[in-house]
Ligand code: 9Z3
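Here we start with a single chain on its own, the form predicted on its own, put down as structure tokens.
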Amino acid sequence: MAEPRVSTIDGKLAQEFAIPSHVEEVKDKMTDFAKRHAAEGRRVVVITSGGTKVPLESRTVRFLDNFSSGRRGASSAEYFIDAGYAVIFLHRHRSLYPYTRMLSNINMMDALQFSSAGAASNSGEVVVNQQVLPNITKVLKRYQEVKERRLLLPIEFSVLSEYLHLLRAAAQALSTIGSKAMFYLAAAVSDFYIPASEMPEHKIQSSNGPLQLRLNMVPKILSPLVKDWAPQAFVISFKLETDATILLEKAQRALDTYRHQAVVANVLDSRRGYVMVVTPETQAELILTEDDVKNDVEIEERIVSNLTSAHKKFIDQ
């Protein structure tokens, strides 16, 4: 297997983005996870999910954020596991999580009730109201199977610096399994940041008047990931636009620039029912029909099916 190479961006990450104290420990966990599952014949995917918080102060009170809930990453993780993958789930703290994502819009107090025996005896026995959570038995059973087989390794981040260092650690960890590794970069990563050296330590005071910020551009992490950290891996990036007329051009430009394997391109308003999977050779439109929506089919199921097939071909080359 190709060893991870040092990138010109590594020094910048160390200087301008605080290194999490636990990054080496997490890297070891990811390395062991990847090696074990690859030895058992599984492919391994790193899914990044949720948004990245950009602090404005070292002792953070204020920060920049985005709207990402992590829905696409969480649902995709379930479909990758169903397709036979082991998943490293690199996700934003408190973003949606595989299997528990169905609970995100539920008031849990409405979903729980005393059993008839418990209510009568005041024993405190609590059961699930399956009218509120009609699929809970199936989901719970699947989650327990996944947990018992250790197919899901969750890794949390919160701020941008954690995300960047943990993604690098994941890439270096998975370089040990070569082409069996996939990166599914669904996280909504900030394009702008304040370097640690320029960040005020304490809360910015409103009494000082209007606030003016100068934000630097976040280094393009996709380039060293593809070229240096995990050069044999199958890498998918995501492109979200609000203007459908530029979507395909932007996806193709990304492929030309970074030389990775695929871009999942979508428009903000239609992202839950329509995407394009763009590769250097192909363009696949994935669409949910009205019947699909009525039957609770998710677009992530189609995305994962397309990409797992492409990954198999990539490995067999």
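Quantities reported herein were computed from a predicted structural model and do not represent experimental measurements. For every residue, the number given is its place in the sequence shown, counted from 1.
The same protein also has a form predicted together with the ligand, omitted here; what follows describes it.
Contact annotation: R43 falls outside 4.5 Å of the ligand in the predicted complex, judged by heavy atom distances. Under a 4.5 angstroms non-hydrogen atom cutoff, the ligand in the predicted complex lacks R36 among its neighbouring residues. Of the heavy atoms in R72, some are within 4.5 Å of the ligand in the predicted complex. Taking non-hydrogen atoms only, V189 approaches the ligand to within 4.5 angstroms in the predicted complex. L240 is the sole member of V159, L240, V146, V139 with a non-hydrogen atom within 4.5 Å of the ligand in the predicted complex. When the ligand is considered in the predicted complex, only one residue from R253, R272, K29, R62 comes within 4.5 Å through any heavy atom, namely R272. The chain is drawn here without the ligand; in the predicted complex, the stretch among 179-187, 199-207, 225-233, 131-139 whose residues come within 4.5 Å of it by any heavy atom is 179-187.
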